[in-house]
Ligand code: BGC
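Okay, here we've got a single chain as structure tokens, the form predicted on its own, with questions on binding and movement later.
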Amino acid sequence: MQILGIDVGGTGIKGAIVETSTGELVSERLRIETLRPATPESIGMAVKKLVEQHQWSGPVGIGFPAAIQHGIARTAANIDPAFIGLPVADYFSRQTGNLAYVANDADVAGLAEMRFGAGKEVAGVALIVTIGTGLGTALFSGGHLLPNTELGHLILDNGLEAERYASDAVRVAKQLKWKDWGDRLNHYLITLENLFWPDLIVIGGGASKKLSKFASRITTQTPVVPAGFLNQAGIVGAALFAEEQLDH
């Protein structure tokens, strides 16, 4: 089955048509800048534009930077708070004229990694950490997802919220060298390790391509590997999520 997958991020909204049986992109990956403020109207227009650019008619899967409960946004990370309480699945369905299925962005990235990527052989506990404008997390046990973990908002022992200390946006804003930022990420990963003792930690998002630049700073007992899909996991996973919902 082919489904349009869309990944809504704090800086860009990306989309491509995905062959769900293999996880491969079968169209060009297109990107639109996330407008500020990232209101329902501006993001709705961008999602609609991506659908039109792909000349797509059919189900759409969307990874979204919020806790999503039964299609309703319960939080708003790096997007406008007007999204809180909005039935986003219904909203994007109306905007695009296609049936839209929406889930947390890190959760869908995790689905892609567990199905086809770095987490494919993990029978125990796998933790996916997506690093971008914020920090997203997806936690799996025995291949089953615990949705909406939102562990990027943990308060670390230094008193700071994790994503305000160790996100890629912080690295850029503070002009940190990769190794210095790697020390911050390591602090966060050790905090997660001490809470969940995963068998594998998968690093996704834009920073996953640069793992070699900060890997020497990671001191977790848990193996840490880059996402198999790197920064495309959100697109692939969004399509896989939509397919799962169609099967229900």
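Just count from 1 along the sequence shown to find any residue number. Keep in mind it's a predicted model, so treat the numbers as computed, not measured.
Unshown form predicted in complex with beta-D-glucopyranose; subsequent notes refer to it.
- With the partner omitted here, the stretch from 113-121, 87-95, 169-177, 100-108 that lies within 4.5 Å of beta-D-glucopyranose by heavy atoms in the predicted complex is 100-108.
- With a 4.5 Å cutoff on heavy atoms, Arg74 does not count as touching beta-D-glucopyranose in the predicted complex; it lies far away.
- Interface residue remark: Pro65 is counted as part of the site for beta-D-glucopyranose in the predicted complex, having a heavy atom within 4.5 Å.
- Residue contact check for Ile128: none of its heavy atoms lie within 4.5 Å of beta-D-glucopyranose in the predicted complex.
- Along 120-145, residues Thr130, Gly134, Leu135, Gly136 each place a heavy atom within 4.5 Å of beta-D-glucopyranose in the predicted complex.
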